[in-house]
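Given as structure tokens, the chain that follows is alone and in the form predicted on its own.
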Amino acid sequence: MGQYLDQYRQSLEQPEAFWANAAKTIDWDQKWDRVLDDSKAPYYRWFAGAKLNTCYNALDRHVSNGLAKQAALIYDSPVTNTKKTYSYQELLDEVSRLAGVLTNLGVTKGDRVLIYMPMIPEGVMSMLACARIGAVHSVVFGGFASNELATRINDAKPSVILSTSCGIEGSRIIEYKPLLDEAINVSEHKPANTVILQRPQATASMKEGRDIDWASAINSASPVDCVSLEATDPLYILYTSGTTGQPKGVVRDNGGHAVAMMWTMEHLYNIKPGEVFWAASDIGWVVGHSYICYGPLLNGSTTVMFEGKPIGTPDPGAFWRVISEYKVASLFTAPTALRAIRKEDPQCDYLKKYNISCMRALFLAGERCDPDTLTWAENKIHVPVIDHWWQTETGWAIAANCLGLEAFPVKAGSPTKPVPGYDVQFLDESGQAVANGEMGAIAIKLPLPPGTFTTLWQNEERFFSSYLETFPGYYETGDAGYQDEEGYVYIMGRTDDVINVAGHRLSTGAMEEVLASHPDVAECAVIGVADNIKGQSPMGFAVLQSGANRNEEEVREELIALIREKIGPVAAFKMATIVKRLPKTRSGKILRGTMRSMADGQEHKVPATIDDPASLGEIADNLKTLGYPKSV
């Protein structure tokens, strides 16, 4: 328990000393007046009075310190058959010139720039160019529907939008420009300009006076230097889905964010400067912000940008090829990616084609990893498989196995222990701590560590009511779980996913663990549906493994029996159905809340991030077969 416990205790007992020491890894233009400003608690700010520039720390200083020729960004796109590597010098040249384009368009410190991009290098360049001049970037997932894009335009009020003619999803070309044009057409706020990168796969029509050709603008722009910013100035806004349908704009600051990213690269991921780190995510998600763009570059490492999928581009060996080809030290992906690979290639035959001996660890996040998937990955990949838990709001891990500090034995189903900086508590409805092993609402004692969100964009009232009001003095995570006697944390799902069956509080996550252990199940979801007698009843959905030639009714009966055996009759689990696919967001999160609303006959909004809208139609058909909603 050596180094981890020492650092964890210091982070809670002496947070200012702890984070002041961590801040030594960042180049500051001006030192802080206070490490932690608690004068407006519960609204805390880190490194008040300090000045820096995030882009300078991610690029310029590495060029100055001898890393000019080292690879900064590797772009690998099987969907366009393109591979390109940018050195730190080359990336700095591109970014400083793009910053010049924005400056020429009148963008200055504090202005917002919306980025609507696929997984191409220009997406990361856009983020860094904004950071360079103090503009606040807001990345919106490429291909987002026009009405959702318009909502974000109205909220952020960008002066400029950076976009491209198209994105590529598998074999489909998604034209972005018509979606963008419609979003601007219906939005109340109108950006002064859009800068459009024309890709070879599709040519966008341009609107005179507003739309600017990316290549022409770059050619006529001069590079610009970094602007010195307050540590507490906003770096970016990232929208996360709100339960009301109105997205919440999570605000990240410059100083605390840079310090936290640097600390995690070394102490959590155990990645050194010069090593290759790959977050197989998207820049539209928080993982892409933290660990495709900022974390690896601040650390002087090499980041991988992959425009493809874990399967189908071209096969289930895509991840193993990239790891082998670029000597990736650690991969960070979502459990759903592993389940997709497992479904298509359960014996990992494609892995045998590649040498992945360079790989030291596989990190999983985005949704809870069921023990069966984790064990499968351990057995096939033969490296530590580290599940870790974090949120868009926090920007980095709340609980993890910090490999750069001290590696603990992995317990399947647990993201291990709270990360230094996070005082994680498990509370009952009255805000009192529950005993070890008991399910509780997970809350984090304030102040949150650096790099977490400071507010919601122009909506501090909603920031307070959504996160700080329920448990005074704490950040309410919205997740539920428990802690065992050894301090391991278990995240069992959203608070809404703890269901009440005839007075018994049961975790749908625990039921999903049991269903996933069935040899024919590739992935599954359990929701609680309204029950006039019991309050709620569990309902299970299972996707079978490819090649599982089983009678579906037999499998269904086996699943019901399995829950009865492992959890007991108290679960009252009697409804299970086999589906071809589960509805998910593009980051792989299963839309349990939407499914629950459909089953209960409640109005529901299809999330803008849904990967395949048709999958909800199949769920609706299965619900009808089961007699839900009751009015159907």
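Bear in mind that the values here come from a model prediction, so they are computed numbers and not experimental data. Numbering starts at 1 and follows the sequence shown.
Below, we refer to the form predicted in complex with a small molecule, which is not included among the displayed structures.
- In summary, among the residues T240, Q89, S77, Q425, the only one with a non-hydrogen atom within 4.5 Å of the small molecule in the predicted complex is T240.
- Only one of D93, E367, E182, D531 lies close to the small molecule in the predicted complex, with a heavy atom inside 4.5 Å, and it is E367.
- With the small molecule omitted here, the record of contacts in the predicted complex names 388 to 396 of 206 to 214, 388 to 396, 346 to 354, 224 to 232, defined by a heavy atom within 4.5 Å.
- Residue contact check for T108: none of its heavy atoms lie within 4.5 Å of the small molecule in the predicted complex.
- Using a 4.5 angstroms limit between non-hydrogen atoms, D479 touches the small molecule in the predicted complex.
- Residue contact with the small molecule in the predicted complex: N147 places no heavy atom within 4.5 Å of it.
- Among heavy atoms of S546, none comes within 4.5 Å of the small molecule in the predicted complex.
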